[in-house]
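Form predicted alone, single chain, as structure tokens, below.
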């Protein structure tokens, strides 16, 4: 009989539950709420990109929105020129990945320290924001797509049925596509981390010198992690543009870069489900705070970050796992102590 680890069974159960929730949600919520969940899922893909490269590659990118924005603009320009979203999605993934490979090569092979890496990615985001923001003239177009400058690109065609541009996905189908993409990205990253590359990436994160002595090139491994994170962020950008049918230079905003870090910190660094949970939780709180005028949403996010850094530095998911493991360890111990005390003769234990 084949022995299946408990963690594998739990992963299968959680995956089945996620698929069930994905299918059932449209039957229980209104269209507006469904659109909100679609947005949350698109941003959760972005959170996964940073959670992967930071938590498992040890690469803190302050400018993850650079790849997110490139993916969004790549999708918008491609779909306007091609008239079909399937190839546009592929381009939205490939372009940020190529850009991440180009940037990462000079960063990692130039042996730039982690602090400067964060500054470089942040600077690249600022450069892209200002470049795209200055493309307001009619001469700034790529084929049929006018970049629009600070006004952005409105009326971007949303996802269509693969191979059939005449059938555009409705909000429910858009939810299935976005939520399904989030689940697929999560599963693929989970499988990647269980592969040889994933184990080596974690080893490089823990100790680059030891990994290099074992025959691995930490620069190549970190570059691979960085490229994968850029591709995932690009997919998130395409999903985001599909949600709103609009893209503007604000997609490169520094405030969004800060929010991603908060999502990962709150959910839990070093996990894949943590960034997703943190993203959904913070975005939901942000949307609720935005409906009233008593509190400022930015102040609330800052307060949440301070509370988690001081009280729950590991994040929600690792803290819950730690508490659960302690409870599991205490139950057998307390049960054995009770049984042994019952077996002792009267007056033996004083």
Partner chain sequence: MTPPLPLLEARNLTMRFGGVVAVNNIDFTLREVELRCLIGPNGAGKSTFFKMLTGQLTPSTGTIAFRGTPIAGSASHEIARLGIGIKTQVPNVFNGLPVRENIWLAARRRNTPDQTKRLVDEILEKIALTHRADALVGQLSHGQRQWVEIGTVLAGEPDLILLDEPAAGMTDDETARTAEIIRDINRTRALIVVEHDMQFIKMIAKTVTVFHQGQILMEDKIDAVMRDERVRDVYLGKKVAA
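Positions refer to the first chain, counted from 1. Just so we're clear, the structure is a prediction, and the values are computed from it rather than from any experiment.
Beyond the structure shown, there is the form predicted in complex with the partner chain, which is absent from this document and is the topic of what follows.
Only one of the listed residues (155, 164, 144, 209) places a non-hydrogen atom within 4.5 angstroms of the partner chain in the predicted complex, and that residue is 209.
Only one of 192, 269, 95, 200 comes within 4.5 Å of the partner chain in the predicted complex through a heavy atom, and that residue is 200.
The stretch from 144 to 152, 228 to 236, 212 to 220, 172 to 180 that comes within 4.5 Å of the partner chain in the predicted complex, counting heavy atoms only, is 212 to 220.
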